[in-house]
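Two separate entries follow, structure 1 and structure 2, each one form of the same protein chain as structure tokens.
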Structure 1
Amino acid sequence: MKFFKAAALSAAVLLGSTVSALAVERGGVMTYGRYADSLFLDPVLNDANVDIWILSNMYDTLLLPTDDGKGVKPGLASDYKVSDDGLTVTLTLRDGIKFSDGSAITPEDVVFSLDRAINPDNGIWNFLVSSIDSVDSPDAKTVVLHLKHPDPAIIPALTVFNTAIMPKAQFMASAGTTDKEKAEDFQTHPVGSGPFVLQSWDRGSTMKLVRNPYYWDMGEDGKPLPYLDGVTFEVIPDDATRILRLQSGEIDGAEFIPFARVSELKADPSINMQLFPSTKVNYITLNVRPTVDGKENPLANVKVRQAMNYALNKDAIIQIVTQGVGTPMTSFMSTATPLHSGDTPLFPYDPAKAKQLLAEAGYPNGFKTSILALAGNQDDAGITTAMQQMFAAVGIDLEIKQVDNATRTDLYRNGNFDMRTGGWTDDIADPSEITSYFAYSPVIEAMHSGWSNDEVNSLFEQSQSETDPAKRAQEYARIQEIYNSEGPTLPLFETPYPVALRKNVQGFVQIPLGNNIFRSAWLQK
């Protein structure tokens, strides 16, 4: 009898779990706690992650990123084809697609939206689509991109927020004369192409999205997505308060959980503590110019940079700063970035080797240097104080300069720094973005470090129009090999996105690029 009971129970549990995995439930509003409010929700003119990471819920792109963030799946376009010479991309629009006001999404809207995205006077993201020369539409279902040169990143670029599709007529009918003025007016009464549409926005407090009844994609139950009636974003800047509200059930999810609280929330039976894989890398950028502020700069010497890398116990830093959540870096780009190469952690801790390299470089007794850290930022405080101690062991005297973000930006943009902390996430599922900023010197002098390597520069230029995937992978492998061994950087660690959800939240995902995807999210009742 006892055995029978147990068997019946386990069968019921099994059955229950299979059923819940299949039967999505519709309705309800999911409330999500954010650390900061959005600033400007225009796909082209935005300039911060607080906008980028939620925009895709309101505006769909022709193609969509896969949940692992590395691939591409159909979006508003059901099909695409790149010509053999790599110079044209032909996209077929889905039948019957509509904006949130019920009007049809036409090729004209697509041409308009992409023209906005490639206009160099609009915003800062046009470099992602700079290969597009012109966009036209031969018939009512087809859009053709004409490229200046073959662009291996053009397909992933069509999943990025800045190529999202907006309604031309409604946008142009907005008040104002310039594109910027029209965008500012349009965002007060937006019409979108994504699964949700903005309903109301109390700045600094609450943003309400409601489901777009005209969304094209179908759910698992054969009815249109999204499952939720709406998503409400609550701005709760204080980490402790955000967690408290989640625990008290006032919100269904909370982003940016401090790493120090992750294990505690994992143990909470009402919370599903998620660590979504990300493209986030944390590193120190070094100024490698021969002189800084008129003085000779030890960091210009590659052996010194290598010595500093060996002197850092990155495993210890990972423990201190991320409570073990982070992982050591194997390249300057994240493991979630396509064409990442390298499978062993860079520069394993070796203080003896560090001392030897310092001696070879002519600094047997070390030197004095400094680092810019963000004032009030706990991660930065943890990283830099740990570095200070580890460097002291090999004779390097590190001064920590705490500044605010705008001051730090000003200092490093002007080359007026020794070292600085940094963090980066990709915006596109392609290695070209991070490489152009980090390694290819013509863009921003390799993260304003002053580092330049001719081989890297020419390899990068080749890779930008390389149509053979195998060759492009080789080029990227070589770029990473050079940068990782002699670049202007101390790689620290990769971190996931720590998101805490109530147990009944299903189907929500934050992809490695950071986008919060609510289109398939649902609430178990």
Structure 2
Amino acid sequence: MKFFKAAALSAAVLLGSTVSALAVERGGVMTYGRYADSLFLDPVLNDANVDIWILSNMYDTLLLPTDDGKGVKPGLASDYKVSDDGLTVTLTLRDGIKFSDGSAITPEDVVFSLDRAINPDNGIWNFLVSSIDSVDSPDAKTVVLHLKHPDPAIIPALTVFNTAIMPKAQFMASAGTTDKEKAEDFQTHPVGSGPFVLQSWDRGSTMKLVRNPYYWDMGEDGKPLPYLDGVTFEVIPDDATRILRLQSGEIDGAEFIPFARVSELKADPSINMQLFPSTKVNYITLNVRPTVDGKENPLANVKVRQAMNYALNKDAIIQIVTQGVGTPMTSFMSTATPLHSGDTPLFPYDPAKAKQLLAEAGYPNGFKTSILALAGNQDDAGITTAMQQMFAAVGIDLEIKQVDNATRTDLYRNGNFDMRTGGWTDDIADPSEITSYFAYSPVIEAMHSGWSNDEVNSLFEQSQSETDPAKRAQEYARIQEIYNSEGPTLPLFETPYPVALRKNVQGFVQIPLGNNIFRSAWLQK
């Protein structure tokens, strides 16, 4: 039987070692510059980091990830236990927890929320909790998960955004007849369980969150979190503009700082330039369907994909784009992801081998293709320009199409692309999420690429119920071996999260799983 309390103690020791020596101050609104706006603020039906990294501030889960991204700590549940046979998880809810409208968070709300999350008709993330057969509540403080089979990832899965606890009555009262229609209405006036509440949202421009007066967690001063009165998100797609507004003091923080600007901002006495540890991998996604727009698709040929990888000087791209901060990828998943396998950089630079493979694939003179890149994004510009030059050396003519994030996402999800720039961060301390998204085709056709491999699909399904750590590691090692050799990506590099903050911003953290955590942030006056 696994008990939560020891893990909670470890988390407390870990977090205690990082507490600021400064006395916290309350009040004020922190303004944060984002590269792109959110798309759909529903925990279950979303499909993008621009949503996920905001949702963690509006909704809490039963368990929360620790700040190092490797463990769990108490959330809306104060403790949990897993039965000896691994088929039951029992969670105890905190006393007196409330939603942002002051209504009580009940076991009925938890059952409703988890039922939404496990429904295979709701979104793409239900696989994270697909082992749950049913959820019930024997009393006013207890929730019991009954599993179809032992699940080695079920506890970290209860920290993930799609298991966020929502109010059943308020959600069901929303306009619409289907779950999606109700979610679309509810997201315009959400009632959450997290530290902040949506006050207003001018799409494409500004989103304002204000503190939840009923939030359960306590600050260092013994009063309820959060310390801030609110957080305002300004959407500023252009990197240079985002940095200028930070330097002028118009905003208090900014995400996705181009690595070429990191040294400059580190030298600025008014800026605290942070490189937060991450699970982020940067790559190019390829559309590998046999035809695109009715034409034969060269990217469908595995030898072409391998040739493109060999044609890229990854070390040079790392220097150009990250100023040496990045590291080469040794698998499609980050080295910080549990069960990562591989210690050798993938596809060393070899243009001669690239030309040979292109000839063997039937493209001795190369071909023309295109890539979707974010307009105004300095890192994307550096990556795609370098790719364009390197591909030209082996006969591949690359057209760079600069688009906004919403357009890129729409084209990508609908399969209307050749290639696109991409970045991934884990949301769970387990390899199941990234593997299901990248490699297991039944979820979203392997990142909307159209790639499928029967052995990979079978191994992934086996891994979902494998409780022998050694066997599970073998399954993931084989998945990585196959995918790294013939999958639908051009792996580039791993990087930390580059976030720049004004010097008066304290307590903000972006954890390795990507979440921007504002609950303990405060402004020094």
Partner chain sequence: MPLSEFLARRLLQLIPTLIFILIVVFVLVRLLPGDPTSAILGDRALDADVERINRQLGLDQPIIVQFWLFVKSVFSGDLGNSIVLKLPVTTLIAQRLPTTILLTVMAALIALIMAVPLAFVAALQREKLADASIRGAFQVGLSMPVFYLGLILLTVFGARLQWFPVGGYGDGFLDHLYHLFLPSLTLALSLSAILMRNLRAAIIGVLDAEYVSFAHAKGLAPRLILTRHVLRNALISTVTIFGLSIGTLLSGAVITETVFAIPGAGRLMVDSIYGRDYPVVQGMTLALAVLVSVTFLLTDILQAWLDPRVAR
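Numbers follow structure 1, counted from its first residue as 1. Rigid core (definition): largest C-alpha set, two forms, superposition within 1.5 Å. It should be emphasised that the depicted structure is a prediction, and the values quoted were computed from it without experimental measurement.
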property: Form predicted together with the partner chain - structure 1 or 2; result: 1
property: Hinge residue among S331, V44, T279, L128 (rigid parts rotating between structures 1 and 2); result: T279
property: Hinge rotation between structures 1 and 2 - smaller rigid part turning relative to the larger, in degrees; result: 27
property: Shift in Å of the C-alpha at G366 between structures 1 and 2 after core superposition; result: 13.8
